[in-house]
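First, one chain by itself: the form predicted on its own, in structure tokens.
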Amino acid sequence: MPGQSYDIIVIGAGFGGSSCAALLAQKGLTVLLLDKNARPGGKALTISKNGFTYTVWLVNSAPLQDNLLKKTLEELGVDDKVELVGTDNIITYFKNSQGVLTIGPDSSSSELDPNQIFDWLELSETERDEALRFFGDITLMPPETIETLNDISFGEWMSRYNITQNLKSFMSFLTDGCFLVPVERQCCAETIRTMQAIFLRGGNHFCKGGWGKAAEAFADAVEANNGSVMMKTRVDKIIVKDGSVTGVNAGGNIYNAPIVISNIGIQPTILKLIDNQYVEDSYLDDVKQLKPSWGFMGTRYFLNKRITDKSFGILFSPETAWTDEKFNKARAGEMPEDVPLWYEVPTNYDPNSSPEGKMIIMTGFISPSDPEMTQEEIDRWLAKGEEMILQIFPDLPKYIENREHYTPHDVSALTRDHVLAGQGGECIGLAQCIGQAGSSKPSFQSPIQGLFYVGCDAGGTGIGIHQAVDSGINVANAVYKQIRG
């Protein structure tokens, strides 16, 4: 209620904010969780419409084993509300040097021979020993060695190996899809740590009913532990007095708390919700210089026929690895012949997500993060995405009942407020690039007493949802420790 006092206010019910709020409420603290949207989930919010249920855009979570999301749901006692589905029902297409789509070997097999992958990627016999050394070094690298690689890019580290362009493209579709920045800027330590987790503990699992159900379970845990959740409540200001947080103003109502945890991103928090008089110029400059990840856009195809039995698919070629140079040319109108494409079919891991006999296919591909892209530019990127999915499903147009696009404008409107030119529609948040990852990742504690950040901008490591929940755990522990002295 307006005017009521809480121990902690959390802004934003994405996976970082909702998990953090739930863990703090479980510890006996009075918590208020606020979000501008109608449902929790943030960048993984779930929608139900016309008999279809789906996450607003492609979302993946890894690793499969020892997954922090699953562990946290269990710790909070709400795991019965969420059904996570591990799946090997994945297909990967490689458009080879002859321009032919070839299907990769079954990665679910416990007896997978590396030579099957090398055959598929057209590696000669003389190129295979180096490829094995490359994968072996990633998989077996000890943590202390990984920590020495925070200040170089994954691209620079890969250049130490004499591996083929096809293998580089294979690694790029893996890492570009995880980090949404090119290998030339990815923090090497962050990349190897994450790839190692996927190689050893698996990846690719989904949530029945859409990923938003997991965030909704976290919000339920807040209320089950005497906390409060208020949706459709946009925070207008974080109130600061004498250098310390005292609460928030949301819709003209004041909610009091000595600690505020923001899950809306460092830049929107500092540049929009805090008066500049409370922030030193040097910190403002640092915040403005933070770099976002690239964006992700795509199309939801609602079909009147089920045309595939696969749950997830990928398409790449020797030329699909993104670089900053190629990306800038694409922004200027010079689109490459092929781009890497990911697609998800919720119907095939959750039959109840579509009406009987129907199907939804959701595509996704890397794009600018600028929510102010012109319609001409948006149309150009969407056309390239459709061109790629039609290489896999040439008969797709016959079965389309409806289609919806999502763009950086939609991402920003739903999640991250647009406060700087070219930013707001980023897929993850801050880029996990050199200078912003590992030991250089921004602190989750701001210079303002009582103000913390949670989510993919600070406090965690890994991919998407896993990184956000990792941050939620770490920030909850740090805040609780501070409160208890």
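The first residue of the shown sequence is 1; numbering continues from there. Quantities reported herein were computed from a predicted structural model and do not represent experimental measurements.
As for the form predicted together with a small molecule, it is not shown, yet the points below apply to it.
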Which one of Val475, Ala25, Ile9, Ile465 is close to the small molecule in the model of the complex, taking close to mean a heavy atom within 4.5 Å?
Ile465
Which residue among Thr53, Gln445, Asn60, Thr30 has a heavy atom within 4.5 angstroms of the small molecule in the model of the complex?
Asn60
Within 4.5 Å of the small molecule in the model of the complex by heavy atoms, the stretch out of 86 to 94, 405 to 413, 369 to 377, 166 to 174 is 405 to 413
So, in the model of the complex, is Phe296 in contact with the small molecule at a 4.5 angstroms heavy atom limit?
yes
Arg133 within 4.5 Å of the small molecule in the model of the complex, heavy atoms:
no
In the model of the complex, does Lys70 come within 4.5 Å of the small molecule, counting heavy atoms only?
no
Given that the small molecule is not shown alongside this chain, does Ile264 nevertheless sit within 4.5 Å of it in the model of the complex, heavy atom to heavy atom?
yes
